[in-house]
Ligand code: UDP
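Presented as structure tokens, the chain that follows is alone, the form predicted on its own.
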Amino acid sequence: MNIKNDSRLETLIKASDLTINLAAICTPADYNTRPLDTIFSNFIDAIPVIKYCTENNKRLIHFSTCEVYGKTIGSFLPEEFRKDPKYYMLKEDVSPCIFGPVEKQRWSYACAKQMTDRLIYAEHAENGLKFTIVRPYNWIGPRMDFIPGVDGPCDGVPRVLACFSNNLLRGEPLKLVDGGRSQRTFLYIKDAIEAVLLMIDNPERANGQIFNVGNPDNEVSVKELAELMIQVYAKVAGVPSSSLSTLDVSSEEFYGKGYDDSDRRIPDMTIITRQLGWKPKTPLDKLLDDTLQYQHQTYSSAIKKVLSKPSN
């Protein structure tokens, strides 16, 4: 159903013990080009969900994002301090939320998500809403993303890893936005699901909490990620790695005017480990191997058919 306009929403929330809200526009390519849709999807459309959970005394697990932290303190420090990870460590109850100027519409997503977080917390403080907020850090793995022209729109832009996978499958260069300098941490979807199940099964330890859910040990630059994926995919597909390449593109060329970025985000895992005893398990090499094996097995034949069709 579409929560924007479906009259069944309140009835379904009333009939359920728990609502998990993942409804969102959450692809960076949309933040600049569809800022109004992005803001409505991530804030305005979530308001009735929160309202009905509060009014009917129902528990809510809401999916926020690590984007709410925006830029990191390290980005604003003198060069000699910028390599110290402590200035990029993000803590749910301490770290400030720092965004770029209004004309940088890339932050429409982060601002909308942060407002929703604040609304949920206000409903908790004033009206007793039972909530858990999840802040994912780049969850990746099999069955998470679409491949354009196969099981998603031809003109769609999936998230980074699926975008790279799509290019590998097609034998096209992996596009590195602004040289791929930004650093990210990556979490295997199976580890992420384990964390969410713990939240569901332990309401007394999860209610009233905001959880970072990521893997600080799986940190690489986007450029390093692309290079690792080329090595792994060459092995999986049985092709020489020299046949696969990267290509630097500007952020404006790839995402459109108004794009901005944070250079590095590292999740602090103290709260989720203390409350739920959860820690990520899967290292980056295993994560990439599983994901690219799945992508190759699932999509390579379909991609070949798409590529062999004559263009009009």
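All of these numbers come straight from a predicted model, not from anything done at the bench. One rule holds for the numbers: they count along the sequence shown, beginning at 1.
There is also a form predicted in complex with uridine-5'-diphosphate (UDP); it is not shown, and the following applies to it.
- By the 4.5 Å heavy atom rule, the three marked residues P28, V177 and D261 all count as contacting uridine-5'-diphosphate (UDP) in the predicted bound form.
- Looking at R184, you'd find a heavy atom of it within 4.5 angstroms of uridine-5'-diphosphate (UDP) in the predicted bound form.
- uridine-5'-diphosphate (UDP) in the predicted bound form comes within 4.5 Å of no heavy atom belonging to R135.
- Although the partner is absent here, R82 sits far enough away that none of its heavy atoms falls within 4.5 Å of uridine-5'-diphosphate (UDP) in the predicted bound form.
- In the predicted bound form, at least one heavy atom of Y255 sits within 4.5 Å of a heavy atom of uridine-5'-diphosphate (UDP).
- Checking Y188, F164, F131, Y88 for any heavy atom within 4.5 Å of uridine-5'-diphosphate (UDP) in the predicted bound form turns up a single hit: F164.
- Screening A192, V222, M199, I120 for any heavy atom within 4.5 Å of uridine-5'-diphosphate (UDP) in the predicted bound form leaves a single hit, V222.
- Look at 233-241, 68-76, 202-210, 169-177: in the predicted bound form, residues with non-hydrogen atoms within 4.5 angstroms of uridine-5'-diphosphate (UDP) sit in 169-177.
- If you take 83-110 and check each residue for a heavy atom within 4.5 Å of uridine-5'-diphosphate (UDP) in the predicted bound form, you get just R106.
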